[in-house]
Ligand SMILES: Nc1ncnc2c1ncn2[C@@H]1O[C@H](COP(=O)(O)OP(=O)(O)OP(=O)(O)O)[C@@H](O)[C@H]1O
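One chain is shown next in C-alpha cells, namely the form predicted alone.
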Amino acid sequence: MARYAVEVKNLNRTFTTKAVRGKSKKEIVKALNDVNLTINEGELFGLLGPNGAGKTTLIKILCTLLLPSSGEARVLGHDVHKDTNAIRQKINMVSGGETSGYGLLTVRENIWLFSQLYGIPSKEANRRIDMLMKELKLEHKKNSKVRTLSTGLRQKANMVRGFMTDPALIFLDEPTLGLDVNASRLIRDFIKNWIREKPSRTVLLTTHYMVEADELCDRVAIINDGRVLACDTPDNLKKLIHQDSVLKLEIRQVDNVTAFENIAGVRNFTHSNDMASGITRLKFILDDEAIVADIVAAVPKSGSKILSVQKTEPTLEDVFVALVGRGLTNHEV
C-alpha cells in the first residue's frame, strides 16, 4: 500500500470578513468546504482551480502557514496542527513571480544564505548549489546581483533555493508563471527529472496552464468554491466528458474510398477531394480509439499514401470548463 505524503479529511477553513463602517456587516466566508484528498508518496500531483477556489488556502494549511477551522490534515505523516516543526524541516515551496531574496546580494550569496538558515553543512550546501545552478543553466549569473535578473532568471534562482534543501515534498505554486517557452520547458524537464531520481520525492503543483498539468501530473484534483469536484489521472478525467474522438487524414488523392467504409468502431465517415492539390481528406468519428490502426492500415490498401494525420479528443481544459463552468485566468487572487 502506498504511503501518503498528504492526507486531508473533512477539512474546512472559514474566514470572517471585516465590516465596513455603516455599509455592511461581518460575513463568514468558507474557503474550504469539507475537503478530502490524498497524495501518494512519490506522486506528481496537480491542483487546478479558478481564482478564489481555495487552492492557496489549502496550500497554506499544508505548509503550516494557516490552521484549519476543522478537520484533519497530515503532511508526511505529521499533523499540521501538532507537528509544525517536523513538517517544515521536510518541505519547501516555490511560487511563480516571487522575489528571489535580497537585491543587494548576488544570486549565489542569496542561495548560500538560505542554505545556512536551513542548517545545511557548508560542503554539502556548495555541492548542491553548484549542481542545481548547472542543471537550471544559471551558472553564468551566479555573481550577478539579484535585482539585475530578468523574470526567467529570478525564477530559476527561486527553483535552486527551493530544491537546494532536497525536500521530501515540495509545493510549486505556478512555477512557470510569466516565463518564456524555453525557460518553462527547462523548469518542467527539471521537475520531471528531480522526481524520477528518487521515487519517494513528492510534488504538489498548482498551475493555470492546462497543457503543463496534463504533461507533468500523475493525478489532478479540480477544486472550486472550496470543494474538490474531481480527482483522477488526466486521461481518466477526460473520460468524464462525452466528446467525439475525431481522426482526420490527408492522403494522396484516391477515387475509390471503399477500403475505409464499414470499418468496425467508426460511427461516421466522410471524405472530400481537393483536385487542385491532389489530396483526399478523410474524417472519421470514432466509437473505439483502438481502430485507429485499422484505419491507417487501410490507406495502402486503397493505393494511397498518408500525408498528414490529426486526432482530436477532449482536453483537460474541456474537463475543467465542464466541471467549473468557466476557464482559468492568468493569476490567482
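All values derive from a computational prediction rather than experimental measurement. Each residue number is its position in the shown sequence, starting from 1.
Not on display, but discussed next: the form predicted in complex with this ligand.
- Heavy atoms of residue 212 never reach within 4.5 Å of this ligand in the predicted complex, leaving it off the interface.
- None of the heavy atoms of residue 39 is located within 4.5 Å of this ligand in the predicted complex.
- Proximity of residue 68 to this ligand in the predicted complex: non-hydrogen atoms within 4.5 Å are absent; the residue sits far from the partner.
- Taking the partner from elsewhere, residue 61 is found to have every heavy atom lying beyond 4.5 Å of this ligand in the predicted complex.
- The stretch that touches this ligand in the predicted complex, counting heavy atoms within 4.5 Å, is 43-51, out of 289-297, 276-284, 302-310, 43-51.
- For the candidate set 208, 108, 74, 188, a heavy atom within 4.5 Å of this ligand in the predicted complex is found for exactly one residue, namely 208.
- Of the residues in 155-189, only 174 comes within 4.5 Å of this ligand in the predicted complex through at least one heavy atom.
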